[in-house]
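This document opens with one chain alone, in structure tokens, the form predicted on its own.
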Amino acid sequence: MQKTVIIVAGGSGLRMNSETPKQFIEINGLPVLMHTINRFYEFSSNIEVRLVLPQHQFDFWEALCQKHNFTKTHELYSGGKTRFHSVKNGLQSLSPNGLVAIHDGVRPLASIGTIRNCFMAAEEYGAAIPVIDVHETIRKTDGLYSHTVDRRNFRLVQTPQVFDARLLIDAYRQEYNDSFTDDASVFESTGKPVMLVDGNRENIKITTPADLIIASALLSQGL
């Protein structure tokens, strides 16, 4: 079965206090985004990689590829005004006969096991997303007050989120809604269930300078 990953990377460097968008910041000798693409090729040498970037970043990315002699095959697609629109652009002309993963460009540490298990579960159930348990106490705010909620009822959601391609293409034919926070929320708005799969705690989303330090340490350990 054909496997495709759409890697969405439209972030800026604001929370990094950097002029360089976070997906292009180097960790251990390579931009974050190259680590992410490499991880999916470690999972499967036959995977189709589609990279969604803001149009104005295409030239910069191609220059980085030349600088780092990065030759992993991938197709470029233009990002949209929201993540929903970016993913929709990445789905253009995608064959409905296969599985498609949607992944954050700044998550270079999804384990091979997490990726594999998401694809396997999506093949069986139609949709699968990786999650991890909440270890911290959670409080729900209500105006000036708050109260503790049972953390056992909650999960933290990661990517890749993997779907039957035909079903996801159908889901993205609907109009954008502010309630869409990720691809699973788009999918389940059509009335279809999403299977939860164990993620890996190292699969952090790099958004702050502290995340860069953590990611560098984890990559240095071969994770």
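Numbering starts at 1 and follows the sequence shown. Keep in mind the model is a prediction, meaning the values are calculated, not measured.
Absent from the display: the form predicted in complex with another copy of the chain. The rest refers to it.
Report task. May I ask whether 64, 95 and 165 each come within 4.5 Å of another copy of the chain in the predicted complex, counting any non-hydrogen atom? Result -> So, no: the whole triplet misses another copy of the chain.
task = Flag residue 135 as yes or no: does it have a non-hydrogen atom within 4.5 angstroms of any non-hydrogen atom of another copy of the chain in the predicted complex?
result = Output for residue 135 is yes: heavy atoms within 4.5 Å of another copy of the chain.
* Using 4.5 Å between non-hydrogen atoms, is residue 207 touching another copy of the chain in the predicted complex? -> Residue 207 belongs to the contact set for another copy of the chain.
- Item | in the predicted complex, residue 194 touching another copy of the chain (heavy atom, 4.5 Å) | Yes, contact at 4.5 Å.
Legend entry - Interface membership of residue 181, another copy of the chain in the predicted complex, 4.5 Å heavy atom rule: Output for residue 181 is yes: heavy atoms within 4.5 Å of another copy of the chain.
Heavy atoms within 4.5 Å of another copy of the chain in the predicted complex: which stretch among 147 to 155, 85 to 93, 120 to 128, 70 to 78?
Result for this chain: 147 to 155.
* Asked: Hey, which residues along 207 to 223 are within 4.5 angstroms of another copy of the chain in the predicted complex, non-hydrogen atoms only?
  -> Contacts from 207 to 223: 207, 208, 210, 213, 214, 217, 218, 221, 223.
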